[in-house]
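For reference, the chain that follows is the form predicted on its own, supplied as structure tokens.
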């Protein structure tokens, strides 16, 4: 196994509401290996982006991290750092590419001026070195360097601004990059261009990252491993090829079944009825049971824990409990 760059343990995040404290993220455990990209997938509202914010300790108010640790190898628990230590840690050691980079760029300043501000915020004295790295990254991202650095955000297309977002995320050479649905707002050609660039950087520099998306097609192209999330919980972690050839969890299978077909009978695609539940308080049953075609009596009595099924995969499902012949892969078609 490669070195672990990021370790998340028992991460639990709640949001207050009139009906009680909604548990948006519940007991999430993740290990991110250095030099690997992990895909984090699931339906909208399952908690993916909340996890991304937590990895920067920037959960939007009124959300609260009520339990857990976020350990970056060599730097300790992010949640124990002072606000000033966290400010300097972000972007230098972990950065993020947001879904819509145009909303994160200052519309009143040229891109070069925003790079200068970044240098000042992170106490980088030699701005020329940073600008030179920005030019090099722009070339790698197939951007017209002179035009981009001298432009205001409104003078750039959506695809160009998204690539500028990637450039800024990589500028301080962070150990880990979080990609929070970075291609959702792009047309198909711009999307493919951005994905190709990320693949090239991953292969060339051994990029370590988490790619958050609801698009399984993107995950199949970019990720080494996949973590499947449902109703705030991780229900499966497997190598990417395993998820697409023989997923362990019924929810993972349902996501695959819902994909549109380019060949064969288009009616073979089956949408998953219903929607993920809002979790209030502790979980005492399987959250997927009402939508699961393989529901068993035990699913009503307890919440399955994420456990190892074999050397490469984990699943939170009673199909793999000791009473159901542990560690035997059950084909779900």
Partner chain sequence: MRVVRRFGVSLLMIWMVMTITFFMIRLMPGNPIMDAYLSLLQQGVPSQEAMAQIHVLYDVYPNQSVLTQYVLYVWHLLHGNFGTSIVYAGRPVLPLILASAPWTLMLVSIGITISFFIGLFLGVLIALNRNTWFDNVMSQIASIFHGIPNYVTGFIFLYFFTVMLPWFPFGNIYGNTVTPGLNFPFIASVAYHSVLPIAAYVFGAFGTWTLSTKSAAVAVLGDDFIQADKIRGLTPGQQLDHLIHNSVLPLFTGFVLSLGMMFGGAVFIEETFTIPGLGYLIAQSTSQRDYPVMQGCFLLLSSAVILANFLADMLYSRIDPRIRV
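Positions refer to the first chain, counted from 1. This structure is a prediction, so every number in the text was calculated from the model and none was measured.
Form predicted together with its partner chain: not shown, discussed below.
Asks: Sort through 303-311, 28-36, 290-298, 52-60 and report the only stretch with a non-hydrogen atom within 4.5 Å of its partner chain in the predicted complex.
Replies: Among the listed stretches, the partner-contacting one is 52-60.
Asks: Let me know the one among 195, 81, 118, 130 whose heavy atoms come within 4.5 Å of its partner chain in the predicted complex, would you?
Replies: Exactly one residue meets the criterion: 118.
Asks: Taking its partner chain in the predicted complex as the reference, which of 105, 141, 218, 177 has a non-hydrogen atom within 4.5 Å?
Replies: That would be 105.
Asks: How about residue 98: is it within 4.5 Å of its partner chain in the predicted complex, going by heavy atoms?
Replies: Because a heavy atom of residue 98 falls inside 4.5 Å of its partner chain in the predicted complex, the answer is yes.
Asks: With the cut-off set at 4.5 Å between non-hydrogen atoms, does residue 125 touch its partner chain in the predicted complex?
Replies: Looking in the predicted complex, residue contacts with its partner chain do not include residue 125, since no heavy atom lies within 4.5 Å.
Asks: According to a 4.5 angstroms non-hydrogen atom cut-off, is residue 90 in contact with its partner chain in the predicted complex?
Replies: Residue 90: yes, in contact with its partner chain in the predicted complex.
Asks: Would residue 152 count as touching its partner chain in the predicted complex under a 4.5 Å heavy atom rule?
Replies: Residue 152: yes, in contact with its partner chain in the predicted complex.
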